[in-house]
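As structure tokens, one chain now follows by itself in the form predicted alone.
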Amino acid sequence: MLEVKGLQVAYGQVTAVWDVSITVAQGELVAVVGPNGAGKTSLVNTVAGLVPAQQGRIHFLGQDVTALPSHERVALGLCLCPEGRKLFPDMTVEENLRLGAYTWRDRSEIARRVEQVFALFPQLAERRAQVARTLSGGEQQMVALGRALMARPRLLLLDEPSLGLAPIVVTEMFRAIRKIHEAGTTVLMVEQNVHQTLEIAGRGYVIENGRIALAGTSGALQADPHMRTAYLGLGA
């Protein structure tokens, strides 16, 4: 479904991603993990079309989308739930959700998707008319994830969905991501929470200093001595 080859991303003279190649097959949940500042967000933002690729190619569903604007990638089914949520703070929960379906015109279908998001996150249904800035951090993250789902993604890109959340909310967020994946959505997930991410992912890539340091199944990564000592807090 997604093939990234030899990707390089730079901000001025500073290179954030060096020669990174990853793949995501239809139906997979693939993790990209690593320390803060390793290049994870730069990678996913470039895949989404928010940051230009300096070198390399990005193919989605067999189409070269490297030079395609982000809104055209969304129309193809490549959708991002960004780090930091990026909600419209003075709009209601439901208004934020409906913005995720801006490429669709079928009002009944949009209404049905809103109710699907509320079924996934029941507490949002109780707050559908509440403005986003008055929500808790966890509720705002639920709205951000729900907004991405409103676009009916073929591939859902998640950037740090657990960042800044209380442990009990993190558990709820990972449970929702597992449900979304089990319902048929392919997921590429960027996270610092390595342990819980590898528990739900089938495969993973480890990025360090802008480069792929390790790659393999979640089981293989969890057993790797470097992963165990550097990321999982376990002995080698």
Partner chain sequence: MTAEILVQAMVLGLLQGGIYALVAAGLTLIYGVMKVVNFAHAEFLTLGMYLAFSAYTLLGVSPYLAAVFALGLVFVLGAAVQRTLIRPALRHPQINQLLITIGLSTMLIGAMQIIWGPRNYVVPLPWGRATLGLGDLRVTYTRLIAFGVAVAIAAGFWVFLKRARGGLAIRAAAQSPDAARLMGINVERVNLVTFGLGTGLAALAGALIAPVFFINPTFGIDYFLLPAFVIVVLGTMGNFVGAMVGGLVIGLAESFGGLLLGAALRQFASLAVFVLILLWLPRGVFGGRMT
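Residue numbers count along the first chain shown, from 1. Every value quoted in this text rests on a predicted model; they were computed, and no experiment measured them.
Below, we refer to the form predicted together with the partner chain, which is not included among the displayed structures.
In short, of 48 to 56, 34 to 42, 173 to 181, 197 to 205 it is 48 to 56 that has heavy atoms within 4.5 Å of the partner chain in the model of the complex. Put simply, E139 is far from the partner chain in the model of the complex: not one heavy atom of it is within 4.5 Å.
Although the partner is absent here, R154 is not a contact residue: none of its heavy atoms lies within 4.5 angstroms of the partner chain in the model of the complex. For L158, no non-hydrogen atom is located within 4.5 Å of the partner chain in the model of the complex, even though that partner is not displayed. Taking the partner from elsewhere, S70 is found to have a heavy atom lying within 4.5 Å of the partner chain in the model of the complex. Within 4.5 angstroms of the partner chain in the model of the complex, the stretch 183 to 219 places no non-hydrogen atom at all.
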